[in-house]
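Take a look at this single chain in C-alpha cells; it is the form predicted alone.
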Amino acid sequence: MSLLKPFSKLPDLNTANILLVENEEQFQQNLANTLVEETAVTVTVRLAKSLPLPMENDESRPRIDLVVFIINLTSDKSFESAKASLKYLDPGYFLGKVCFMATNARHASVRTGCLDALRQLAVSLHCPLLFAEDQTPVGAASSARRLLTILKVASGLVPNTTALYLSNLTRCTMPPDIDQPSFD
C-alpha cells in the first residue's frame, strides 16, 4: 500500500483526471456521467470506494489531478471511510488538489455534530467543502460544473491560476470562537 502522489507522473495534454471517492457509491456514478459529458476538455473519471488504490494497475493509471471525497452526511460510515482514506494521500495533494463534497445536508436525520466534524476536517486540511444536491439531475449537473471548474485549475488548464491559489480562495473556514461556549 503506497501513497497516491500528485506529481509522480507527467500530465496528458488537454486532459484532466479526477478521482471520486465515495463509500456508498450513491451519487458517485451520476456525478461521473455528468463530468464525462464535458466537451472542451477530456475528463477522465476514476471511481473508488476508499483509498488506497490497488497496486495492480498502478503503471497504467494516469496522474490524478483532483481527489474528491463525497460524504453522505446521513451515514457515519461514509465520514469515517473518508477520514481513514486521507492517510493514503501524499501531503502534496493538500496544496489545492483535494476537496470534500457533502450530500444530504438538508436531510432531517443529519446530526449537527457530523456536519461540524466535516467542517473541522476541511478547515484543518485547508480544503474546500462543497455541498451537493444529489436527489435531482439538476443538482448533479450543478455539482459537476463546480467540480469541473476546480478540476480545470488543478490540472493546469487555466492560465495564470494555480490549484493552491484557488484553494486559498475557496477553502472552508470556521469562526475562531466555534468551540468556545456561549456566556449569554
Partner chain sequence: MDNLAKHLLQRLMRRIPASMLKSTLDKWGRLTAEKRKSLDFTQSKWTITQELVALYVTENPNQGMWHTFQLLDPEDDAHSVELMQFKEQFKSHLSELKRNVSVKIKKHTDEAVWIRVAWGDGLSRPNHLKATYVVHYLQTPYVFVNALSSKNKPLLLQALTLSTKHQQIKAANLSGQKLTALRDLLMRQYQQVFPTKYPSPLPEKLRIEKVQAEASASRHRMAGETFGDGMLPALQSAFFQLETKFKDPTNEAMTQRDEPFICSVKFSSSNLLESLRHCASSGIASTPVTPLLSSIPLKGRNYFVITDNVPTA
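Just so it is clear, the model here is predicted, and its values are computed rather than measured. Numbering follows the first chain given and starts at 1.
The next section is about a form of this same protein that is not shown, the form predicted in complex with the partner chain.
Remark: of stretches 154-162, 33-41, 141-149, 115-123, the one touching the partner chain in the predicted complex is 33-41 (heavy atom within 4.5 Å). The three marked residues, E25, V45 and S50, each reach the partner chain in the predicted complex, with a heavy atom inside 4.5 Å. Contact annotation for P137: none of its heavy atoms lies within 4.5 Å of the partner chain in the predicted complex. The shortest heavy atom separation between R63 and the partner chain in the predicted complex exceeds 4.5 Å. Contact annotation for R111: none of its heavy atoms lies within 4.5 Å of the partner chain in the predicted complex. Using a 4.5 Å cutoff between non-hydrogen atoms, H107 does not count as a contact of the partner chain in the predicted complex. Shown without its partner, the chain has no residue in segment 78-117 with a non-hydrogen atom within 4.5 angstroms of the partner chain in the predicted complex.
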